[in-house]
Structure formats: structure tokens, C-alpha cells
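One chain comes next, on its own, written as C-alpha cells: the form predicted alone.
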């Protein structure tokens, strides 16, 4: 029997530990103000206070998501996807979109900024869950395959225009993974892979991407240029050893490792807390993914199953890519570590995802259907015992709006 009152406490505990740990590491990585930040009047608590504010907002968002009825979410799937696309377009409008590091990925939202690509991933998971649970969705139909791929392709064009190759790659892998999960024909996936080969080659030969790829292949060749960030990441991880050099004692955060509080915060975890601390974080994400899979397997509703699976993959995929970037297994993508890195948009959307998973773990919708069915059966039995079978069926039909048969 599904307990309709109890959410997955392990998932909530893991999320809380990651968020609190992330706050500690963000303060550790930004508590030392470099000369460059000092010129901008940045104090030791500047990033920490902003992150705490985002945590409070994220907790509110998570609670709202937890209280959201899955059926209402299902109805809002397409409007949410359209809204996410509109926000994605707004980054190109002057005075609304914000440019940084040669990319336009953010829009101005008081009191901070927002990265629409994070909402796009969440909206895409919800929309795919709805689409795959529809009776018209056929795993052996090329049309059923092309519709989500076409929508994904539309978002990819906008991502690459920003440019945001990390978001484009994440959305592609997430979409394909959910299609495979639904049981789509593998030959369709292979066809898509073949079509993406020339596109990938064209994208990889762009000067700045080619520079990243070459730096990934041999970062020591240009250790003071394109390979600087990856080399400093290796130094941070190597300096930590087994137990680390101590919390707050990082040397790489002293203006050596760029983005040490965002994309490369895991390097500081390895430096300050060592191999043990890094393994602890990896294990937490693994446990979170397993809890998400467990929730999906317990969900009887197809929409809930695909939604729980997609949300679990969304969080785990971003964490996996970040781990691979930090350790030099893939080129730099610019993706933060969920719940741990400084980055409001990522934290907000991931906490919404956890809120939805917690709601699905309660099994309210399944319990409601079971209770209603059991109630109707008991009522029918009671009528039969009083009036006999024929009269009972007649009364039962009239009571449920079916009229005389």
C-alpha cells in the first residue's frame, strides 16, 4: 500500500546536505577578496549572502512544487515550455538580456539575473513526460520520434546563437535518454546520431571551441593560456590528497583557479577535503539518482514515471558532466554543480525538481484512484446484499449517471 502522507525523507535529507555543504564551500571559495574583486567593492560575505537569499527562494519554490498537483502540472506542460522559449528569446533584447564572457545567456530579474536555459531543461522534461504518457505516442512511429526531436532542435538553435554549447549538449542528451527510456526504436536514435555528426564537426571547428578541445587534449601545452583553468583544477585536486589540506585552506582560490565558486567548485572540494570529501559528494549524487529511480519505479501513472525518471536524469546528468569537466574527461562546458555551485538559476530549478520528486514519492494520485475504486466496489456490494443483483446494478447505474440499462 502506498503511504499518501509520507514523502521520500532520504531524498529530502540528501538535498539538504548538498545545499548546506554548497553554502559552506561557496563561503570558503569567496571569503578571500582578491584585488580585482576589491575594486568592485565586493566583501567577504557578498556571494554568501546572495546565495543564502537564493536558498530561501529555492526552498519556497521547492515547497510550491511539492504542493503542486501532478495533473495540474501535466496540463501546464506545454504553456510552461512556450514560456521558457520566450524567456530564452528575451536574452537577445537590449536592456533585458545580459552579456558576459562573450555570451548572452541571462535576463535581468530583480534582484539578480536568471538563466532561461535552466528553466528550458525542466520544462522539456515535464513536456516529454506528458507527451510520452499520451495514448497517441507510439514507440515504433517515426512521427512520435520527430516531434520531440524537432522541439529540441528549435531550442538548440537558440542555445547555439547565445552561444551556450553546454546547455545544448545537456538538452540533447536528456531528450535522447528519455526517448530511449520510453522504448523508442533504436534505429531512430542511430539515424539522429548520423545526422548530428556533420553538425558536431561544424560546431567543433569554431575557433574558440577548437581552442577548448585542444586545451582539453593537452592542457599543459598552453598552461598559461587556454589550458590554464584545467591545469589549475588538476593542481587543486592533486594538492588535496586523501584527506585534503583543510576546510578554508585552499590556495587555488587565491586568484589562481577561475570560477572557483561556480563551475569549478568541485576542484576546491578536492583540494580542501581531499579524495574523501570528493567521494562523499559523488556518493550523495549517486544516492539522489537512485532515490529518484526508486520513486519512478513506485509510480504507477505513466506521466509520473517519466517525470520522476526525467528529473532524476536531469540532476544526475549535470552533476556527471561537471565531474567529468573538473577531472579533464570532457572539454569545459560551463555547467555548475547542482546544489553546490554558486548560481541562482541552477539552484532554483533543481530545487523545484526535488520538490516535484517529493510530491511524486507520496503517491497521492495512485492512492486517490485506489480509494475511489475500492469505495465504488464496496458500495456495489452493499447494494447487492440489500436489493439483489438485478436491482442493485440498476440503482448503481443511476447513482453514477449511467441511466437504466
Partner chain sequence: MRKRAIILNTAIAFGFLIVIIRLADIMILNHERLNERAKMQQLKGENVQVRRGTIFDRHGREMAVNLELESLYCDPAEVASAEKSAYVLSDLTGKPSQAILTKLNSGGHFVWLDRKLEPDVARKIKETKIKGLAFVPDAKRFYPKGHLASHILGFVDIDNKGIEGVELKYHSTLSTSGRKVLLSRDASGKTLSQGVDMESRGNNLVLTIDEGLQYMVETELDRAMEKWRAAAAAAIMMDPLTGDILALANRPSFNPNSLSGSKNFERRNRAITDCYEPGSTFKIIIGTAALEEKVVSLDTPFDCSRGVVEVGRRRIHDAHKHGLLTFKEVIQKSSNVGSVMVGMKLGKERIYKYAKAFGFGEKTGIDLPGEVSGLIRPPERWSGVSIGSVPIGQEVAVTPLQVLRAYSAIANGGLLVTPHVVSRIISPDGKTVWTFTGETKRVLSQKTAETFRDILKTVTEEGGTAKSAAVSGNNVAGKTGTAQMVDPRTKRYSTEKYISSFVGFVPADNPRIAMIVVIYEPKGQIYGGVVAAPVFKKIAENALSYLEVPREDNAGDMLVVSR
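Numbering follows the first chain given and starts at 1. Keep in mind it's a predicted model, so treat the numbers as computed, not measured.
We do not show the form predicted in complex with its partner chain, though everything after this point is about it.
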Using heavy atoms and a 4.5 Å limit, would one call residue 205 a contact residue for its partner chain in the predicted bound form? no
- Message: Whether residue 246 contacts its partner chain in the predicted bound form should be assessed with a 4.5 Å heavy atom distance threshold; does it?
- Response: no
#### Entry: Partner contact for residue 266 in the predicted bound form: its partner chain, 4.5 angstroms, heavy atom
yes
Open item on the list: Although the partner isn't part of this model, could you tell me whether residue 297 comes within 4.5 Å of its partner chain in the predicted bound form, counting any heavy atom of the residue?
Closed with: yes
If we test each of 196, 180, 160, 146 for a heavy atom within 4.5 Å of its partner chain in the predicted bound form, the one that passes is 180
Note: exactly one of 289, 303, 155, 114 sits with a heavy atom within 4.5 Å of its partner chain in the predicted bound form, namely 289
Of 162-170, 122-130, 75-83, 313-321, the segment with heavy atoms within 4.5 Å of its partner chain in the predicted bound form is residues 313-321
Contact check, 256-277 vs its partner chain in the predicted bound form, heavy atom within 4.5 Å, ordered by sequence, gives 256, 266, 270, 271, 274, 275
